[in-house]
Ligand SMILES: NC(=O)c1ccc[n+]([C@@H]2O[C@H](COP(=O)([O-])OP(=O)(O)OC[C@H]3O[C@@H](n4cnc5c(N)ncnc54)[C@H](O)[C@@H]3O)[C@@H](O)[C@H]2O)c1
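A single chain comes next, written as structure tokens; it is the form predicted alone.
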Amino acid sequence: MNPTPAQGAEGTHVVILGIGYVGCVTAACLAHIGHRVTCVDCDEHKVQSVLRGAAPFYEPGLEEIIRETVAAGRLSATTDIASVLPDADVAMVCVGTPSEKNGNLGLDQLRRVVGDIAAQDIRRKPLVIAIRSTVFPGTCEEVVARRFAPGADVSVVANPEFLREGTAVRDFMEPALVVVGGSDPAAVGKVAGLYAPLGIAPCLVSLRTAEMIKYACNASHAVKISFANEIGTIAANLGIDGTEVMDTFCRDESLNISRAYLRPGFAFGGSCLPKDLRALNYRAARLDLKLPLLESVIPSNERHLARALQAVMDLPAERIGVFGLAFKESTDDLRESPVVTLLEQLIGKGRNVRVFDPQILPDRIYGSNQRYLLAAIPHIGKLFEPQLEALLEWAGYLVVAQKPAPPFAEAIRASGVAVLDLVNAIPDLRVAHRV
């Protein structure tokens, strides 16, 4: 890959603190797209490597970019932070945050570098500190921003990196995601503007969202790898080609490889997911296979349902209305609906509840639906409200357990009732709590 240099924001001076893997790639690529970049590191070997146009480690395409940008005068390096920080527009922190023995992040390097920045009392212009290191939500506020006195002309933003070893230069130059988070629009805009030559619209979010997104991404990658490995394991033990299974799985870009199911909400249920997960885990056990990820899915779902129950129990209201009874909208299927379980436990705990579901009328429930519902809540007929308006007038709080169609959502809005939105379906409502 030979990225083409582009013209960046003229006059922007970026100081990169830490010439490790992330810092060096970021520095070289920012210089490549037109910015003036100075690397700072206490390791003299890394500094000298950059100054002579060499990469301090191997990464495809990196050394060529370092050689080109050093020769062009856009990239330099030093061990002396005091010599470059006063003239910096952006100080981008790229130090390591390794694991401690208990799994917590080690922030010693971050604290040291932030302390070094804070110790530089003489600055010629406002400074934006961009934390590119992977840090847990709250770190920018509690560890970084607190090091600076109130009134200091310093703003803190989070700018997580998404660089993979072996493809880091390509990941930077052809990004799928650029995230900048902070509360100061000017500071966020300045850091986001660094990436303008790449032609991607950055995601401008809150500070803690920016910190959290890196964990969401990496956790997702780990889960997908483990999922594919566990499916491949059980497939192999059944004489099936796991690669063919997953290749076919990935052809579905509507549900399997998509945004589907990736919105925080309520527990899953229905006639398929719980049943098929139990069957898969049963068969794995018969084959003497341990599949910890797949085994953990139903317990995880049960824990989420327990959190929802506690959230409802915490509501300061005697009369609790519930919107939705089926396991999802646009169906009357009640089998293994988490809402039925929720109602059963609320009734058992003495709460006064009523429920409305636009697809369900008590006298029309029959067959397996009827048997399942009556086994859980024998007197369910007494809890049904046939009209949403009546439920809204009666309820002290409304628990939204199913995505309402637009007319119902508007009726809920207009009622002014306080809402506990378990499915995050109506974000503009006055919400008591989200699970």
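Bear in mind the structure is a predicted one, so any value in this text is a computation, not a measurement. Numbering starts at 1 and follows the sequence shown.
Beyond the structure shown, there is the form predicted together with the ligand, which is absent from this document and is the topic of what follows.
Contact check for D116: a non-hydrogen atom falls within 4.5 Å of the ligand in the predicted complex. Within this chain, D43 lines the site of the ligand in the predicted complex, having a heavy atom no more than 4.5 Å away. Proximity of D276 to the ligand in the predicted complex: non-hydrogen atoms within 4.5 Å are absent; the residue sits far from the partner. Under a 4.5 angstroms non-hydrogen atom cutoff, the ligand in the predicted complex has V22 among its neighbouring residues. Contact annotation: the ligand lies within 4.5 Å of heavy atoms from the stretch 92-100 in the predicted complex, the single such stretch among 249-257, 92-100, 352-360, 335-343. The putative spot formed by K328, K382 and V423 is not touched by the ligand in the predicted complex; no residue has a non-hydrogen atom within 4.5 angstroms of it.
Taking E142, E165, E244, D153 one by one, only a single residue has any non-hydrogen atom within 4.5 Å of the ligand in the predicted complex, and it is E165.
A heavy atom within 4.5 Å of the ligand in the predicted complex is found for exactly one of R112, R124, K224, K290: R112.
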